[in-house]
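As structure tokens, one chain now follows by itself in the form predicted on its own.
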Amino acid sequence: MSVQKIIIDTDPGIDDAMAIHQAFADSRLEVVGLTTIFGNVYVDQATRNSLWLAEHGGYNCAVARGAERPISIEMNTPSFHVHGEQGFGEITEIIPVGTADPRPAHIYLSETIRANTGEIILCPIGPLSNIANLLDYDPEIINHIKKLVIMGGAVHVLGNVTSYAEANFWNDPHAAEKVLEANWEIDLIGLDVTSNIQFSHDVFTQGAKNSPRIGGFIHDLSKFYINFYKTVVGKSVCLMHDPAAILAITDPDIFTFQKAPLSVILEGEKVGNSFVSENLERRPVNVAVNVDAKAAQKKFISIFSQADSAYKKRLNSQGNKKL
């Protein structure tokens, strides 16, 4: 495939960091920018973490700070118990050198997508507040974006923060509803498939062996994440939610999709629940309903086996020989 331009909207977060480094390492992708959002951490932490990840990966991309709260509801407490107090498990020395783009995320997105009309896939892997703000700011953006690939929702399965809701939709249900009702193409990579992609310690050990710098960092992150999931699923694995969204861009053939119009419950016990809508005037979403988990693991290992080589290549191309 030709190189695909993407922007990742993110709240890093352990699996966000995995997904971002995965995208950096994949020669089929060009990460144009990262926009940040609250969720796993506060937005200032997400912005700092995103800047650090780009620098750690030797990747030259913009980072734009996004919304610090949901568009309507009160903000939920970040999920520090899942990702650690700073978002990277036990790793706390996260000090980037650079600074964020001066534009708020929704303005950065509008201007960047319009400057690359029809070329950019927007990949939100956190709450959808920035994307809702983008629609308010620039309603015609739907005519300039290639499509959205969203990690979020739980259409036919149980949620992960309540029985009904997946975390990203639960953290800003009004934003999720606004994004799903807009007339643009969406691939939804939700818990229907991401909960079936479970990686053990061995996957990350192999990544660390093949790529000590990048894979080693991901290996260190995975320890905290696996310890959390052991309390949830009863085995030493972690669920690869956000990396699945990147794989859906590069390797959509390992997923099975069904088209359905979707909506989100905005209040009450089921707040954040995503369900098949009876409103047939709403544009259908491409909902991932099945995934070849073994193929996903093979792809992930392959990409991270070349992560350090890709990092060194970037540094050399920038004239920086210090690795």
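Model, not experiment: these values are computed from the prediction. Quick note: we count residues from 1 along the sequence shown, nothing fancier.
A second form of this protein, the form predicted in complex with a small molecule, is not displayed here; the remarks below concern that form.
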Students should find that, of Gln198, Thr250, Asn210, Asn160, the residue having a non-hydrogen atom no more than 4.5 angstroms from the small molecule in the predicted bound form is Asn160
Identify which of Leu188, Leu221, Ala132, Leu191 has a heavy atom within 4.5 Å of the small molecule in the predicted bound form; exactly one of them does. Leu191
Hey, in the predicted bound form, does Ala175 get a heavy atom within 4.5 angstroms of the small molecule? no
Do His83 and the small molecule share at least one heavy atom pair within 4.5 Å in the predicted bound form? yes
So, Leu128 and the small molecule: in the predicted bound form, are they within 4.5 Å at any heavy atom pair? no
With heavy atoms only and a cut-off of 4.5 Å, decide whether Ser50 touches the small molecule in the predicted bound form. no
Of the candidate stretches 178-186, 164-172, 110-118, 67-75, the one with residues having heavy atoms within 4.5 Å of the small molecule in the predicted bound form is 164-172
